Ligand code: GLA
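In the block that follows, a single chain appears as structure tokens, in the form predicted alone.
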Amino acid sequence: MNSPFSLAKAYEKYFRIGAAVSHLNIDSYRDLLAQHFSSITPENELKYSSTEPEEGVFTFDDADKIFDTARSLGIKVRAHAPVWHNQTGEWMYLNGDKPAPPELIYERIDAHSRALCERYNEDVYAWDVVNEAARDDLSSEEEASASDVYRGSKYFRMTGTGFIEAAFRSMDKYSPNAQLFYNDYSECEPGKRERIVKLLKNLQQKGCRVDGFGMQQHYFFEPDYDELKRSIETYAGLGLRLHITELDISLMATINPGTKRLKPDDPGFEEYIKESLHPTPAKLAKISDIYVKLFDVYRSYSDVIDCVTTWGVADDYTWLDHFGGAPGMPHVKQYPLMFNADHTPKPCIEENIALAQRG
């Protein structure tokens, strides 16, 4: 009897296969999720703006829809990023008309963590407890933080690293059976990698339970596979489990000759726009080819990688369609995922299944 045509089934001996979903599109992806995936990540539905828009006022309808669907499919949930510098209401930082003291912010994080865990613990196997707290190289906000490691977010300016520690201690208390992850992007860039390692080591030294690191893996240029391997080994060397958490491959990766995301004022950006408006079959095929090469690396590190999640399911819905542009710029459709807009599989699905089954 032939093996089922299922990416999740083919990879169950290696790692889970996951996808980020929205409450707005999960119904349309039900069949794909059932066939090819073994993990679901709510894209925005567990962030503060979605679950606690005002202090003590909880709104779970959107998240419930995702959890109900996951439960009906028998799929566990990677719960994503309640503590993040974006999508957090101003109430978090205020005590009346004055700035909130750190202790009040910690209390609010604790109360929020408790509410999420009481509602969803049964279905969650891992939490992205804190998202993107390490600084980038260039940002006026980050430069103002006077930190060589941490993003100069409002959280950090008001509490230092205390908000990160408070979030992990709360999740450890209320979700003792789930894995706890720190999650970040540009994690293979050497400078950012060094900052992330310092952040993680600091948490470990403070006695916080950190089970793993989430490597986002958004690609806007051809992956440096040697740097990817070096990064996996570096993070695993801290004694952490690894998840690939937000994998996608922009059309830019098929055009950009550099190692940084092209931005509107950068040389080469206009050429990227022109080529992307009418992508050739060869450019689209290259995205599929990159997925095969990446999965080859991920399989080779399946002793430390437990899950690979794409940031979306199919090309009909992707955040990249609305990211990185500028006013007046033509709309660029992206094709960053492993399934086409009509939900048919790209060649990388069949090839990756065959490679996994071959061992």
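Keep in mind that this is a model prediction, so the values were computed, not measured. One-based numbering along the sequence shown.
Not pictured, yet referred to below: the form predicted in complex with the ligand.
S.K.: Just checking whether Glu132 would be counted as a contact of the ligand in the predicted complex - the rule being heavy atoms within 4.5 angstroms.
M.R.: Yes, Glu132 is a contact residue.
S.K.: Check whether His80 has any heavy atom within 4.5 Å of a heavy atom of the ligand in the predicted complex, and answer yes or no.
M.R.: It does: once the ligand is placed as it appears in the predicted complex, His80 has a heavy atom within 4.5 Å of it.
S.K.: Can any non-hydrogen atom of Asn183 be found within 4.5 angstroms of the ligand in the predicted complex?
M.R.: Close contact exists here: in the predicted complex, Asn183 approaches the ligand to within 4.5 Å, heavy atoms only.
S.K.: I'd like to know if Ser175 sits close to the ligand in the predicted complex, meaning any non-hydrogen atom pair within 4.5 angstroms.
M.R.: Ser175: no, not in contact with the ligand in the predicted complex.
S.K.: So, Trp84, Gln87 and Glu246: all three within 4.5 Å of the ligand in the predicted complex by heavy atoms, or not?
M.R.: Affirmative, all three are within 4.5 Å.
S.K.: Of Tyr301, Tyr48, Trp311, Phe60, which one comes within 4.5 Å of the ligand in the predicted complex, counting heavy atoms only?
M.R.: None of the other options qualify; the answer is Trp311.
S.K.: Would you mind picking the one in Arg108, Arg261, Lys286, His218 that has a heavy atom within 4.5 Å of the ligand in the predicted complex?
M.R.: Here the answer is residue option His218.
S.K.: Which one of these stretches, 39-47, 66-74, 330-338, 26-34, sits within 4.5 Å of the ligand in the predicted complex when only heavy atoms are counted?
M.R.: One stretch meets the cut-off, namely 39-47.
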